[in-house]
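Have a look below at one chain only, the form predicted alone, in C-alpha cells format.
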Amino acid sequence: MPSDVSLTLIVFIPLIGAMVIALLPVRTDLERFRVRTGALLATGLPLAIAIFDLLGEVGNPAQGAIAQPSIDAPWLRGFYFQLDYHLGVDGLSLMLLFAVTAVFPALVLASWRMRERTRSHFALLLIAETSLAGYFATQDLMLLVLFFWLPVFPLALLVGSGSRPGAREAGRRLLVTQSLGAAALLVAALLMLLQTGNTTFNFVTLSTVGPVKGAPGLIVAGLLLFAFGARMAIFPLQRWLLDGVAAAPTPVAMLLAVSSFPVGAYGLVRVLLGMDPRGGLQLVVPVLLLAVLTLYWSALRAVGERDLRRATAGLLAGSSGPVLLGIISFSETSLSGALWLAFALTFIAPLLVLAIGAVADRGGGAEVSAIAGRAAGADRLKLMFAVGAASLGGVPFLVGFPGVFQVVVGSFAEHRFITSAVIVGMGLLAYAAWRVGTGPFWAPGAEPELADPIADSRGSEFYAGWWLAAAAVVFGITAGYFVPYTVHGTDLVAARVSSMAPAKVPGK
C-alpha cells in the first residue's frame, strides 16, 4: 500500500498551496499568472503521487478487501471518545480518491482565464480539493465528518460571489442545505458511538461491532440518508444543485458537480451500509422509491427545461437514481457498480458542465432560444458534450458503462420491477441529454455560417475538456483492470448486510 507519507501529501499539498496563494499579490497579469501556475502545481503534485502510489495497488485486487491504513496516529485523547489521525485506502475509496486528484488540474485549467477574484478563487478551489481528498482518504468517522463539512463554506462563497442573477441566493441555499446535512451526519456519528458503546471512530471497529439496533438504528439510518442524499442531490433535495450550477461561473459549477455525487454515494456505502446495516435494511422501500423519483423527475425536468445550465444539472441529478438502486440492492456487484458510477461522474459531470457552460458564456445566456444552433461549428465543444452524454447514458467503452452494467446485473434478481423501471428511466435520461445537446449543437437547419456563431473551445479550456474526455475514454476501455479491486472492497459490506438480513422462507 502507499507509504505513510503519500496520503498525507495528497491531502495537504493543496491546502499548503492555498495558504501560499493567499499571500501572493495579484496586481499585474504576471502576478496573476503566478497564482494560476501555483494552483496548477498544487493540484499536479498530488496527481503524480496518486498515479505512482495508488494506481499501482489496483494490480493486486485482493488488497481491496480489507482496509490497509497507511498511518494511524493518536490525535485527541482524554475525552469520552478518541480521535485518531487515521488515513488509508481500500477498494471502496481508492478509485474515488484518485479521481479527485485527477480532476482538479482540469478545474484549474478551466479557471485559467478568470481575472476577477483570482487569488480567492484558486485558494478556495484548493481548500475544496483538500476536503475531498481527505474525505476519501480517512479511516476515521469523525475525520470524515470534518472533511464532509469543510468544503461547504468555500463552495458557498464561490457560488455566492458570482455575478449572475440569483448567485447570492444560490450560495445561501447551498450553505443551508449542506450545513444541515453535515449536522445530520455529526448527530448520526455521535448516536452511533453512544448506542454501540465504542470509544473510537475507527472504520474497522465500527464496521465489525454489533450495529445499532431498533429505533435508534432507524434514526441513524434516516440521518445518514438525509446527509448523503442531500450531497448527491436526490429527490427532493436538488434545488441547491440546480440553482448553483445555473448561477455559478462555469468552473465553480464544475466544482459543485465534483463535490456532490461521489461524496454522497461513497458515504452511503461506507457509513450507512458498512456501519448501520440494520438501519439500511429498514430503508429499502423508501430508497427504491427515491431512486425512481430522482431519475424520472430529473430527466423530465431536463427535457422541459429551457435554461441549458439547469437542464445539465438535471441530467446529472438524475444519475443519482441508478446509484441509489445499486446501493440498496446490497450485492457486491451492485455496490461496485454504484461506486464505479460515482467514479465515472467525477469526470462526466464537470465535462458536461464545461461544454454547456462554455456555450452559454459565449452565447450571452443559457436560454435555448438565444443560442439555438449557434454552436453547430464548435466541433471541440460538440465532441466534449457527446463524450459526456454518451458516458452518462452507459455507452460501451466509455467510463459510465461498467457502472450501469454492474448496477443492472447486480440489482435485477432482487428488484426486477424497479430495475426495469430504472432501465427505462436511463433511456429517458439519454433522450433528455439529446434534447439538451440539440439546442446549441444540432438544432435543425443550423449551419456553421450562422450570424454570430459561438467560438469553439481553445487554450486552457480545451485542455481541461480534453483531459476529462480522455479520462472518460481511457477508464471506459481499461475498466476491467480496475473494477475487480472495487468488487473486493464491496465484498465485506455486502456480507455484513447479508448477515443482518432476515432469513427468507423457502417458497415465499
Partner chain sequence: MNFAFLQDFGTLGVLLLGAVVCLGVEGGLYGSRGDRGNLSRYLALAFTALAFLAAVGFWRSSLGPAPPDVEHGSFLVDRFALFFYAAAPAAAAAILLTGADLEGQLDPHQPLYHSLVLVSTAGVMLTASGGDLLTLLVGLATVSVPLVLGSALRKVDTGAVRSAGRSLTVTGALLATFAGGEAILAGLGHATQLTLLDALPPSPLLGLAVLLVTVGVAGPLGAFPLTWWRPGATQAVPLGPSLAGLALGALAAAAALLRLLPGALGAALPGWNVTVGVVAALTILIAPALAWRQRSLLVAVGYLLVGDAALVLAGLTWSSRPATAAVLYLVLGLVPVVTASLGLIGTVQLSGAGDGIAQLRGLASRSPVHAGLLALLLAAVVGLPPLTGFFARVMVVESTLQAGLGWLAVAVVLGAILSAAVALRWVLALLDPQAEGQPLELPSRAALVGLGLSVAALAGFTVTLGPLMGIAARAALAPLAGP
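Keep in mind it's a predicted model, so treat the numbers as computed, not measured. Numbering follows the first chain given and starts at 1.
In what follows, reference is made to the form predicted together with its partner chain, a form of this protein that is not presented.
- Only one segment in the set 334-342, 238-246, 142-150, 365-373 has residues whose heavy atoms sit within 4.5 Å of its partner chain in the predicted bound form; it is 142-150.
- Think of it this way: in the predicted bound form, its partner chain has a heavy atom of just one of 423, 283, 300, 190 within 4.5 Å, and the residue is 190.
- The contact residue chosen from 431, 412, 401, 81 relative to its partner chain in the predicted bound form is 81, the criterion being a non-hydrogen atom within 4.5 angstroms.
- For residue 171, a non-hydrogen atom is located within 4.5 Å of its partner chain in the predicted bound form, even though that partner is not displayed.
- Using a 4.5 Å cutoff between non-hydrogen atoms, residue 156 counts as a contact of its partner chain in the predicted bound form.
- Using a 4.5 angstroms threshold between heavy atoms, residue 161 counts as touching its partner chain in the predicted bound form.
- Interface residue remark: residue 380 is not counted as part of the site for its partner chain in the predicted bound form, having no heavy atom within 4.5 Å.
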